[in-house]
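One chain is shown next in structure tokens, namely the form predicted alone.
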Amino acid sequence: TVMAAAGSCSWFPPLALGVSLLKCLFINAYHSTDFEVHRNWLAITHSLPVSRWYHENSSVWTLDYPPLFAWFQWSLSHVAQHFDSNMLRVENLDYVSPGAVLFQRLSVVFTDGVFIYGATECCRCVQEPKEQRDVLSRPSFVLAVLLLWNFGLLVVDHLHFQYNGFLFGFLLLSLAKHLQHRHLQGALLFSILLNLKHIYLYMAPAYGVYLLRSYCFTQDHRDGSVRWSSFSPLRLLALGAIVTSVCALSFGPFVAMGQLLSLSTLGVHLKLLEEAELPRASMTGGLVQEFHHSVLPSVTPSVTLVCTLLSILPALLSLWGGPRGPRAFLRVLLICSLGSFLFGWHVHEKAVLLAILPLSILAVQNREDAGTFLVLTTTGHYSLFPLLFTPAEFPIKVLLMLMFTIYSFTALRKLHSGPGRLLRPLEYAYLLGLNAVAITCEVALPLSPWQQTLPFLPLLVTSVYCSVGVCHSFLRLYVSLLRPEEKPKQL
């Protein structure tokens, strides 16, 4: 095998340019309340002193991302003022104008350059077969399409509206550095990512165990167990210095201004003080609300935390227990992402992309992972359909998902040609059942009398059916991880 060189291939720039032009076609399409969320953050970071960023509460959409993302919004605001300065006024709540829409849409397209760069680096890590293949059948080409043209990322960022591509770019770069055994660079990029959006803490256990086992311990016994005497304190200090430095740069200015309390509530319901004593705009996660069930038992955050830890513990122990390479690290990272997605207390359906995108790297390398990818992407992407509920976007989401799904099946089948199937008959039957779910939830139920009496029934059906596929993918990943590992041909 030989290493791919995606950046020097003539096919990569057209792929990236083509998807960028497609994104521009969605400028005037539907956008969610996240559009106003980010406009308000632009206004806050541009118009107010840093000391007030996490205390401004004129809007319900208070700044609730870590400080590095706040600085990212601050930098964007200096470009936004040339499109429409009125969008940067904090008092202009729910402000929409052609200039504001154009800037915010284009800001997502241009900052996706980080994602394109990350995809390039991941394609470089894919090893091509020695025999010459048609370009369309090369693993690096297939991976580039699966990443750049990912259906979920397209609809979530460029229709629904968010900056996930920018963030996933840092993740892909970090993973690529680890695949290249440049662990310090990978740790630095992941530390930056955590200080941009805290949802990536889902992956932190996998990173921590892998770096400690594979970087801080430098030798193994013959049976694969860790050689404790090979521990390198200098390597641990280097990792600690990287993480500490990034966090200090991110949180340090706010701590110096005495805002540790506001920052400490990031994503956590703080119970040390009465609710009335807390600043309304502290970083508590926006409009997340708590509900107590009247029939089913109410689930507390502590219960979900225990369930999440128990779901990922065997994977972490497996990663620690023997000499595991980057492929095993990727599987454990996916298990941590899906475990948090399945058992977390407050989880958005968009979080399934945390597993889908990294799994693309494994799917082009391994037949079993390709099957898992097909199940997870098909169900995970369909679970995003309720995010786009307007009639005008219905044909767009259906067409885009069909194109991506058909390509994924045909390309991976050709890539892993040989005896056997990527999926079992029951898995095919389950995925075909999504057609019936789509017709029921998108057409039949909205036109039925139940639309008035049971308005949430389509969401319930979609959620329950798709959860089966996500759980099945989670178990498939565990089987692949815990099965005795053959000598890897790639990665």
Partner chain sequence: MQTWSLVSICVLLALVVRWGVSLNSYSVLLFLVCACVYVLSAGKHWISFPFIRLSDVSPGAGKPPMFGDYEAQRHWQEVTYNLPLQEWYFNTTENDLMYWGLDYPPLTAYHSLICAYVAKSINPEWVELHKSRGYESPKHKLFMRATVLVADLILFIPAVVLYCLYLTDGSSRKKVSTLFCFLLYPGLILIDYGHFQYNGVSLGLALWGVLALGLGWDALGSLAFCLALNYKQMELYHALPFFCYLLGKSVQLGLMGRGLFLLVRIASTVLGTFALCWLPFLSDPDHAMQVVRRIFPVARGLFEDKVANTWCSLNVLVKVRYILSSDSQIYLSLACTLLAVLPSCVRLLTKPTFWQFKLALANSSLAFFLFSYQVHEKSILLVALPVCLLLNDLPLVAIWFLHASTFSMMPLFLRDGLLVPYVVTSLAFLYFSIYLLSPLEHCSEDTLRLGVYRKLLFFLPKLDLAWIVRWKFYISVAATAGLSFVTVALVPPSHLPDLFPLLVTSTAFLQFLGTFIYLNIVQFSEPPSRKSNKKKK
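Predicted model only: the values in this text are computed from it and were never measured. Numbering follows the first chain given and starts at 1.
The next section is about a form of this same protein that is not shown, the form predicted in complex with its partner chain.
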task = Check, residue by residue, if Phe26, Ala29 and His82 all come within 4.5 Å of its partner chain in the predicted bound form, counting heavy atoms only.
result = yes
task = State the residue from Val306, Leu399, Ala241, Leu317 whose non-hydrogen atoms include one within 4.5 Å of its partner chain in the predicted bound form.
result = Leu399
task = Answer with one of Arg421, Arg227, Lys414, Arg182: the residue that has a non-hydrogen atom within 4.5 Å of its partner chain in the predicted bound form.
result = Lys414
task = Quick one: find which of 167-175, 248-256, 134-142, 194-202 has residues within 4.5 Å of its partner chain in the predicted bound form by heavy atom distance.
result = 134-142
ask   = Contact between Gln219 and its partner chain in the predicted bound form at 4.5 Å, heavy atoms?
value = no
message = in the predicted bound form, is there a heavy atom of its partner chain that lies within 4.5 Å of any heavy atom of Phe231, even though the partner is absent here?
response = no
task = Tell me, yes or no, whether Ile406 is in contact with its partner chain in the predicted bound form, where a contact means a heavy atom of each within 4.5 Å.
result = yes
ask   = Any chance Pro98 has a heavy atom within 4.5 Å of its partner chain in the predicted bound form?
value = yes
key: Those residues of 139-178 which, in the predicted bound form, come within 4.5 Å of its partner chain by heavy atom   = Trp149
